[in-house]
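Shown here is one chain on its own, the form predicted alone, set out as structure tokens.
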Amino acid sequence: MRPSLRSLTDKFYTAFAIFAFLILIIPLLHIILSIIINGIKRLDLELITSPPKSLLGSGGGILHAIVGTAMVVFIAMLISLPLGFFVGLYLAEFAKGKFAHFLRTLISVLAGIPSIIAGVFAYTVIVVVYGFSALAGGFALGIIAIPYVARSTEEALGSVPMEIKEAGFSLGIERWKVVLFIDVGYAKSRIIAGFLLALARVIGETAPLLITILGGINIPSNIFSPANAIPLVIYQYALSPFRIWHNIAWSAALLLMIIVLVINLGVRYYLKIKAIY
């Protein structure tokens, strides 16, 4: 019995989907395996606890970049979390009509701009006036993170069942209290997950840091000092002619990949636990 046209079409699209999946997964696996194989050689305690050493030496680490990354990301979260949260809260609960559409479009545009543009803006606002610093880098990353925090907050609050809101109104509670204490409390786990995903999004950014934090070899003493970061170290060391620095760049890339993976898996586990309880 000859196969029908529908059966042939189904087999064709199934084969095409498998082929497309392989085309996608093979380069990804190649990148991951390359980073693991080359980076595992120097992924040790010295890498994360020691500052850079002489080019002719065999040791040295990226402690300065780890400290700089922590400072820059902390500043970015201080900027993006409150702004993104309240923008998402406003869009989910209060914004109506054309202004809401305009604000959502603005957030989409902000999410789509190249990250280097945020770096240029931070350069003109902070670096030109106060010099290179961790503050400038954190400001640039904070701009990048705002739309992701706003979107995740809006989606989290949009998932709150109407029955819960109506229950609060039926008790005579004012609207702002219902929104702030009931709706936010119900969607708290998804809001926190959105915050963490925004953190994972910006922790690997390199372009804005090229023109904001300078990228020195010293551990920053405060947020107004020049700093370095793990993505920037990877970029700088990979372009160097020294094999020692190449090995450190591979290990730094593996460390960064592990950090991002832990954050993403932690978000999944957190949401799973919250869903159970």
Partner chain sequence: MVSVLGKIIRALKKILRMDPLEGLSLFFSVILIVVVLLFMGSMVLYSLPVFEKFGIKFIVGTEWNPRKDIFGALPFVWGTFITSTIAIVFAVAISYGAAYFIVEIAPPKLREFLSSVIELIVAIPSVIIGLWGIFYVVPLVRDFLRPLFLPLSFIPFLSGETSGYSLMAAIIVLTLMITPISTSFVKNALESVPIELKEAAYALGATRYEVFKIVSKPLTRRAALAGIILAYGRAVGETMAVVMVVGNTPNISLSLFNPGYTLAAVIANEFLEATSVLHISALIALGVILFAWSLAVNALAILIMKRVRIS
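Numbering follows the first chain given and starts at 1. Worth saying up front: this structure is predicted, and the values here are computed from it rather than measured.
The form predicted together with the partner chain exists for this protein as well; it is not shown, and the discussion that follows is about that form.
*Asks:* Give me the residue from 196, 110, 100, 182 that has a heavy atom within 4.5 Å of the partner chain in the predicted complex.
*Replies:* When the partner chain is considered in the predicted complex, the option within 4.5 Å is 110.
*Asks:* Can you pick out, from 43, 217, 244, 238, the residue that has a heavy atom within 4.5 Å of the partner chain in the predicted complex?
*Replies:* Only one option qualifies, and that one is 238.
*Asks:* Please check if residue 16 has a heavy atom lying within 4.5 Å of any heavy atom of the partner chain in the predicted complex.
*Replies:* Yes, residue 16 sits close enough to the partner chain in the predicted complex that at least one of its heavy atoms falls within 4.5 Å.
*Asks:* So in the predicted complex, does residue 267 come within 4.5 Å of the partner chain, heavy atom to heavy atom?
*Replies:* Residue 267: no contact with the partner chain in the predicted complex.
*Asks:* With a cut-off of 4.5 Å between heavy atoms, is residue 158 one of the residues that contacts the partner chain in the predicted complex?
*Replies:* Heavy-atom contact with the partner chain at 4.5 Å: absent for residue 158.
*Asks:* With the partner left out of view, is residue 170 within 4.5 angstroms of the partner chain in the predicted complex by any non-hydrogen atom?
*Replies:* Contact with the partner chain, no.
*Asks:* Determine the residues of 143-179 with a heavy atom within 4.5 Å of the partner chain in the predicted complex and present them in sequence order; the list may be empty.
*Replies:* Result: 143, 146, 175, 176, 179.
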